[in-house]
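Just the one chain here, the form predicted on its own, laid out as C-alpha cells.
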Amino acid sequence: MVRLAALTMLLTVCALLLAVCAGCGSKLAGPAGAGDPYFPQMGNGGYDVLDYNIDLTVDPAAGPVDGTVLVRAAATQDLDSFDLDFVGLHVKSVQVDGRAARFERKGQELIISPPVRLRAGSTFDTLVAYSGTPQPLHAADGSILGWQRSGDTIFTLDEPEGAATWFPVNDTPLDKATYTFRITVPEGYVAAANGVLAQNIANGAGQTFVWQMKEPMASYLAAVAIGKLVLKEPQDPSGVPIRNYFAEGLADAATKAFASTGDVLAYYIDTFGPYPFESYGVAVPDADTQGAMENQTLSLFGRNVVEKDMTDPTGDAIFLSHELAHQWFGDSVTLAHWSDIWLNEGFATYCSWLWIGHSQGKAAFDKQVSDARDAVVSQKWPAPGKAPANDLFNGGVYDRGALTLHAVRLTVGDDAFFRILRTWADRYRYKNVTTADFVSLVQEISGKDLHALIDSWLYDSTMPALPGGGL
C-alpha cells in the first residue's frame, strides 16, 4: 500500500511537470487585429509602437521604391511572434534587435518571429527591408487608398487603411507614434512629408529630404507628396510656420486659394486653444486626389479641388478650414474606433461653419446649418453614429454630425459649448477618444444630462428637430 501510494504520487508529479513544460513550449503571439468593430483585421496587438523611421528611395517616373523601416516598439506581453500590416511589396529581410528573424505573409499580415522571445515591458527594434512598386487599395465605397502615382507625381491618402500599402505598420489609430521620414528622390523633385524638414541632403544625382514628426501621429495620417513642387512660406499672424508645397503649374492658383490659412489658424487658436503641432501647410500635387485629406501638419488637396471647388469663396473657406480644423479634431484628438468617425468629420464640419460665420457673418453661418439640415432630410443618409463600414464617409457623418454639435450648443449655451471644445482639445491632446468620452465631458462642463439628446442625434433613424426650433 505504501509503495503504491508513492508510485501514484510520483506519477502525479511527473504529469504536472509535463504540463508545465508543455506550457513553456507554447508560442505566444500578439493578436492579428486591434479590435476595431468595423475593421477587425486592421492593426495588431501585443506591442505599442513608439517610433517609425522610414527610409525610402523613390523613382517617381518609373514607380519602384526601395525601403527600410525601423519600428521601435514596447512589448505589452511576452511575444514569440507579432504582426505588422503590410500589403503587396516584396519583403527582402527582417531583423529584430539586429538579428535575422523569420517572417511569413498572410493576406495583409507580415508575421514576424524574433530569434528570442520578447518579454513584456521590453523595448525592441524591428528592421524591415523591402522593394517594389506600391499599389493602392480600392475601398468598398469606390475610393482609392494608400500610395498613388499619377505620371511622375506621387501622393498618399491613407484613411482608413492605406498606410500598409507603402510601409510596414501597426495600422490602427489606437497606436500613435512619432515618425522620421528619409525620402531620396532624383534631382528636380521634391519630397514633402509630415512634421518639420530637418535636413535636405544632396546625394549624387538626387536629394534626401529628412522630415521629423515629433508629436504622436496615427498611421492613417502619415503622408508623402513627391513631384516637381514649389515651396511657398506665407507669413502667419499666429506665429505657426506655414510651408505649402504646390505643383509648379498650380502654384499661382493654389497660392490664392490658400491665402487665408493664417487667418483661419489665428481664429482657431483663439477659439480652440494652442495649435497642437510645430508647423502646418498643404500639399497640392499635379494629380486628382478625389478630395482633400487632413494629413497631420500637411493637408492634401488635389488639382481638381484647386481648379474647381476652390474658385468659389465659400467653397474655398469650407475646404481650407475643414482640413485645418482636423489638426485639432481628428489629428491631435483622434477617434479610438472607426465607428466613431463623426468625432472627426462632424467636428471639422462644424468648425468650418464657425469660420464661415466669423469671416462672412451670422447669415452665412445660418445658411450652412439650414443647408445641412435640408441635405440630411433629402438624402436620407444613415445616422452618424451608425455609419456603415462600407460607406464610412457618407454625408450624414459630416452634416448630421455637425448638427449634433449645434444641438448641444443650443442646449448648453455658447459659454459652456466653447469651453467644451477647448477642454476636449486640451484634455485629449495626442490621445484617443470615444463618443462616451464626449458625452461625459458635455455633462461635466454643462451640468446637464444630455445623453438622450446626443443619442437621438447620433443614432435615431429620423433626425430630431433642433432645440428651440431655431438655427
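This is a predicted model, so every value here is computed, not measured. Each residue number is its position in the shown sequence, starting from 1.
Form predicted in complex with tryptophan: not shown, discussed below.
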Segment that reaches tryptophan in the predicted complex - one of 85-93, 235-243, 274-282, 292-300, heavy atoms within 4.5 Å: 292-300
Contact flag, residue 171 vs tryptophan in the predicted complex, heavy atom cut 4.5 Å: no
Residue contact check: residue 157 to tryptophan in the predicted complex, 4.5 Å heavy atom: yes
Heavy atom of residue 323 within 4.5 Å of tryptophan in the predicted complex: yes
Proximity of residue 350 to tryptophan in the predicted complex, heavy atoms at 4.5 Å: no
267, 124, 393, 381 - the one with a heavy atom within 4.5 Å of tryptophan in the predicted complex: 393
Listed residue (356, 387, 229, 145) with a non-hydrogen atom within 4.5 angstroms of tryptophan in the predicted complex: 145
Contacts with tryptophan in the predicted complex, stretch 245-284 (heavy atom within 4.5 Å): none
